[in-house]
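Shown below, as structure tokens, is a lone chain in the form predicted alone; questions about how it binds or moves come after it.
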């Protein structure tokens, strides 16, 4: 536990002041008590473990606020892994098994979507599984990203002068293939061929739902795939902030899976492109007719990564973009957290300030790198939410960008 630096806590309680759960849920002891304070007792006697640590959203806002650099949320989730007695129930396993559920749902996607969106379906999930009936599920797609890529794009990728490996993630494959398509189009225009990885789910939902063994298996699989890519000279580029953060930081800190060889090569696409532009290695040519009024919601894990500046700068490069950066705030969903009946009211209460600010700004759409933030904001505000790579694909003159970067692929 020394890696988590709990002994550096100075008991200032800033983390508690910044915790979104403490403000709405009296059952949660708060990050200071659940994290470094609790750890001092738990290392002496495991019976000091409090099962209410399950209410931690793992949003990392406590760690962003901590002046001493204590990995508070990591301490909490490591304690859950070592001492927790609650086992994941059927509901938790279904929510956390994103790849499995996607594979099962895809052949009958229209039926699954209809049932999950119906009053009867929501009532049944609420009554028998504990998934709150007010929650809207993202729709599964009958055709996914990987199939499209292999049919239409894979054969041409080797012709590009530079190559990258793409970790697309579960939601791009099963719910939002348009994000993966936009990624390939933009990277090709910048002169990069895209190679897919032999990937599995990043495992963040498994960590949240105490499926530790499965999360470790996924982490080891992905790190091995990343090592092959890095050995071949390929950076691992992503489009989802939480997947990125999990694979960079949660693998070693919580799961104990060593990713030292590849961690620095795992990068979100906005930072990847920004660095290339900043160094003069690529040029972006934007459409003259693109105009949009957008609001940028920074996901909690983006705040922890410290990379929101790259997304903001890229969006501000678009001549026709009217960008408002929303204030720092958690949307409340925290992956599978906000789907659970016992958490739903807390989830919505946490997100309400974000929803209210979006309504005041009244943009054409919201921007966010997090898929579950997208689901929460769209359900709770009615405003569409777009991944930044989608906006770039719409705002760029892809043909002119390709010419500017001497792409002949």
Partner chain sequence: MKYDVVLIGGGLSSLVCGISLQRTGKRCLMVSGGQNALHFSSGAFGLLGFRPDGSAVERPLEELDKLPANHPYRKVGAAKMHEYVNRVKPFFASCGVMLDGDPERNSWRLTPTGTVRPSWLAMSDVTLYEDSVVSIGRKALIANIAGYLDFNTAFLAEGLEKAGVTCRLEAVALPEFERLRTSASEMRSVNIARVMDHDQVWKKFVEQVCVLLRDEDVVVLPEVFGLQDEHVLEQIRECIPARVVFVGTMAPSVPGIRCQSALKTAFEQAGGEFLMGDEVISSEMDGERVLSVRTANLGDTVLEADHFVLATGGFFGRGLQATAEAVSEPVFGLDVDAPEERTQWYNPDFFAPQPYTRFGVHTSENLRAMKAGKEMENVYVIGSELGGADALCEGSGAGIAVMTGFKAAEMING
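From a predicted model like this one, the values you see are computed outputs, not experimental measurements. Positions refer to the first chain, counted from 1.
Keep in mind the form predicted in complex with its partner chain is missing from the figure; the text below concerns it.
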- Quick one: find which of 231-239, 211-219, 180-188, 271-279 has residues within 4.5 Å of its partner chain in the predicted bound form by heavy atom distance. 271-279
- Message: in the predicted bound form, does each of 167, 201 and 393 have a heavy atom within 4.5 Å of its partner chain?
- Response: no
- Message: So its partner chain isn't shown here. In the predicted bound form, which residue out of 283, 312, 162, 287 has a non-hydrogen atom within 4.5 Å of it?
- Response: 312
- Query: Using heavy atoms and a 4.5 Å limit, would one call residue 382 a contact residue for its partner chain in the predicted bound form?
  - Reply: no
- Query: Can residue 30 be called a contact residue for its partner chain in the predicted bound form at 4.5 Å between heavy atoms?
  - Reply: yes
- Message: Does any part of residue 398 reach within 4.5 Å of its partner chain in the predicted bound form? Heavy atoms only, please.
- Response: no
- Would residue 361 show up as a contact with its partner chain in the predicted bound form if we use heavy atoms at 4.5 Å? no
- Query: Within 55-76, which residues have a heavy atom closer than or equal to 4.5 Å from its partner chain in the predicted bound form?
  - Reply: 64, 65, 66, 67, 68, 69
